[in-house]
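In the block that follows, a single chain appears as structure tokens, in the form predicted on its own.
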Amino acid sequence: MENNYKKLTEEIRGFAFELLKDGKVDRVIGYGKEEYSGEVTPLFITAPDESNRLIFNSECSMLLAKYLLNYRESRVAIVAKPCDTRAIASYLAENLLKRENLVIIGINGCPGITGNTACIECTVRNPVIFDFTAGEAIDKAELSPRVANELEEMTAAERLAYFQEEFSRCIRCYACREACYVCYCEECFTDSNQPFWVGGSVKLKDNFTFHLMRSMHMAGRCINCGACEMACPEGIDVRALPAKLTRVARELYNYEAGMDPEQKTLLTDYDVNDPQPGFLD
């Protein structure tokens, strides 16, 4: 089963129109096209007659959930891909948002985003939390996710060489950080000078420090949405490290972030029966 982007767009526009017309929300956050370039971009509308500007297609790569942090006290509707709903569930679990202020228009049976390698691995194609849904739900049995294991098959030396090559191209623009729903700290460790963690240069050493520390901060929190990789102007495989941690959390603890607004985060929950593999195992 495959959802039609035109049908999804029509349904989204209908929900947005009614919500704004009835005054149930102050704004709708969705996707639209930039006026001059035609590029798909986040769209914020506040009037019913603007709803026809909303679209949904294979280029809607941005994770919109992070914008909700800018409107915590407003009544907001959001067009949410399944990965967006997982981000929202995580925010609710961490008490960063108020559920009563949100109207979630979830995308059922998400067809995926062009160029996003995370979509190949995705096993969550329906929203985990929603008020309305656009499109037809897809049965998990219909999915055939594939996890690329080229890195797993490399030796440690080969993996090091791979990441040295990747991170040598990093210009430290922090687009990956800005796109990531987890990176919401008021001051990032990269901006701190007391203590001083990362140099301001784009030397390989500093690039490695940034990417390794950011990945560790995402352990048990990454939803493997691919927003970081899609945002990178250099095409660096920035998703590889947090995606690995995501798979480890699932394999060792049967844990996936953002599946329930009531769930605890992985590192705040404890069970005496949890496996405890050695750090270098």
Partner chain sequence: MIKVANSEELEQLLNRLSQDYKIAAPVVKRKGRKERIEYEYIDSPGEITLERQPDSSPKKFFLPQNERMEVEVAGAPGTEDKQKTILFGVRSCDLEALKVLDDVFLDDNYIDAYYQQHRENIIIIGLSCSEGKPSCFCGTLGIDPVKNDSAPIFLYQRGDRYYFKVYDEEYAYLLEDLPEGDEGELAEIVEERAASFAENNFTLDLPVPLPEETTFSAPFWGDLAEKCLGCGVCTYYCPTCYCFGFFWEQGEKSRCWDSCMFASFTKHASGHNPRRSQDQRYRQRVMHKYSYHPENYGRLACTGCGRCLDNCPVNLDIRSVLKTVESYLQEKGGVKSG
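Numbering follows the first chain given and starts at 1. Just so it is clear, the structure is predicted and the values come from calculations on it, not from any experiment.
Quick note: we don't show the form predicted in complex with the partner chain, though the next part is all about it.
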E94, D206, D131, E136: which sits within 4.5 Å of the partner chain in the model of the complex by any heavy atom? D206
Distance check, A179 to the partner chain in the model of the complex, heavy atom within 4.5 Å: yes
Even though the partner chain is not shown here, does E73 get within 4.5 Å of it in the model of the complex, heavy atoms only? no
Hey, in the model of the complex, does T41 get a heavy atom within 4.5 angstroms of the partner chain? yes
Taking the shortest heavy atom distance, is R99 within 4.5 Å of the partner chain in the model of the complex? no
If contact means a heavy atom within 4.5 Å, which one of 166-174, 119-127, 79-87, 100-108 is the stretch that engages the partner chain in the model of the complex? 166-174
Go through 13-28 residue by residue and record those having a heavy atom within 4.5 Å of the partner chain in the model of the complex; state none if no residue qualifies. R27
